[in-house]
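In structure tokens, the next block holds one chain alone, the form predicted on its own.
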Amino acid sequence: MADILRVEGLSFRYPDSPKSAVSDFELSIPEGEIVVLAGPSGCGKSTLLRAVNGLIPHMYGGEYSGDVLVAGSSVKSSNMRDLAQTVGFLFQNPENQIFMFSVERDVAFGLENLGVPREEMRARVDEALRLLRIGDLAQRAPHELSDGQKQRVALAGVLAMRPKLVILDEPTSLLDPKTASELVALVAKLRGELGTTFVVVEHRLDLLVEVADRLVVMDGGRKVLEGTPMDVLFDNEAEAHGVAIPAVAKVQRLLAEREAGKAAAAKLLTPSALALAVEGRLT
């Protein structure tokens, strides 16, 4: 399967900064994967995302070396209009990208800016509202909605552009546990239905380990760990690099140390699966 994203030796230093925000970063993501990006604050995650969606180098000046290729095209030589149709970005706070007077108009905003024909725009907006299950909110004012509904509206606006790659920047930070779980389930559903690739920056790893294909950890501007969620969460270096290990994984590590080792718990990344396994040992 072709790579939708390739980061090749990326380094970037902001003007007047004494050190690079990202250094010699390498990453390849095939189409259709869900990749979680983790690491402590200031580790370079935001800079990497800006380089993927073209804000770096088009909007932010600084020392740039290496390359970022999205769908085979270098971000450096692509214009922002083209990138907006290939890379979608969902901000941490949906208030930052919802500003029209109705949900329907907000979802259509990006398409209107691109001059998409009216009939196609109508079809894309309807499709996005259906996928996010918010058709009943079409005529509502966004400021009347809950945080979870606003998040869905913002994501609908992104999906209406039909990007191949969607970046979610801490999408659950403002959501209660139930709504956050629903959003993560929705990401998995959209990957299955549309084949969309997702890169998710998230601290609440317990919500994403079930659906993620890979977990990438950054620290000091560099990639320090990469692998399946299980491999990374069982790596003793993970916590040293600021990864918040989910409670379920911590319990599994203790069980693994006492019993048959890592392989015995290879599929138990959820509380329900762990509970069943422990119950089985006790009966």
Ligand SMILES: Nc1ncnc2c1ncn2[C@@H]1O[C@H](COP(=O)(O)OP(=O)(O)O)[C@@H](O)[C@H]1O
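This one's a predicted model, so the numbers in the text were calculated from it and none came from an experiment. A residue's number is simply how far along the shown sequence it sits, counting from 1.
The same protein has a further form, the form predicted in complex with the named molecule, not shown here; the description that follows concerns it.
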Original post:
N53: heavy atom within 4.5 Å of the named molecule in the predicted complex?
Top reply: no
Original post:
So in the predicted complex, does S46 come within 4.5 Å of the named molecule, heavy atom to heavy atom?
Top reply: yes
**OP:** Evaluate G42 for contact with the named molecule in the predicted complex, applying a 4.5 angstroms cut-off between non-hydrogen atoms, and reply yes or no.
**Re:** yes
**OP:** Classify Y64 as contacting or not contacting the named molecule in the predicted complex by the rule of any non-hydrogen atom within 4.5 angstroms, answering yes or no.
**Re:** no
Original post:
Where does the named molecule sit in the predicted complex: which of 228-236, 65-73, 34-42, 246-254, heavy atoms within 4.5 Å?
Top reply: 34-42
